[in-house]
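Taking the form predicted alone, here's one chain by itself in structure tokens.
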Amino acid sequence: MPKKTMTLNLTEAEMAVLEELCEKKDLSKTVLLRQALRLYQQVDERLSRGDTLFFEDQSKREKAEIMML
């Protein structure tokens, strides 16, 4: 599949988060952003079907619903 190039303008804080995640996961920025896009796509598809997204703290048995626009 042919690839396209884009320019992404981030704030210093956003770039710091991106770089921190890349270092933590040992991934390039490109790979991390591709993974983030795939995850967002999956979440969007599930929410579009009416599914609900939760984070669960298993140690406290608490759930928090994630609301997305």
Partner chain sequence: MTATQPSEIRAIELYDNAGKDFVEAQRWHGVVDKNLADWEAEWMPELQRRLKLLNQQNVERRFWPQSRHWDWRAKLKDIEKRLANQSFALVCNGMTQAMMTVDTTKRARLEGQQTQHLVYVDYLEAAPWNRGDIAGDPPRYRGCGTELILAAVELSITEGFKGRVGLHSLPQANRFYANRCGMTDLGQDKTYENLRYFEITLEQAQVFIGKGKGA
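Positions refer to the first chain, counted from 1. These numbers were taken from a predicted model, which means no experiment stands behind them.
Beyond what is shown, the protein has a form predicted in complex with its partner chain; the following relates to that form.
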(request) Evaluate residue 45 for contact with its partner chain in the predicted complex, applying a 4.5 angstroms cut-off between non-hydrogen atoms, and reply yes or no. (result) yes
(message) Against its partner chain in the predicted complex, would residue 1 count as a contact residue? Criterion: heavy atoms within 4.5 Å.
(response) yes
(request) Report yes if any heavy atom of residue 49 sits within 4.5 Å of a heavy atom of its partner chain in the predicted complex; otherwise report no. (result) yes
(request) Decide if the three candidate residues 11, 18 and 29 all line its partner chain in the predicted complex, where lining means a heavy atom within 4.5 Å. (result) no
(message) For a quick check, can you give me the residues of 31 to 47 that have a heavy atom within 4.5 Å of its partner chain in the predicted complex?
(response) 31, 34, 35, 37, 38, 39, 41, 42, 45
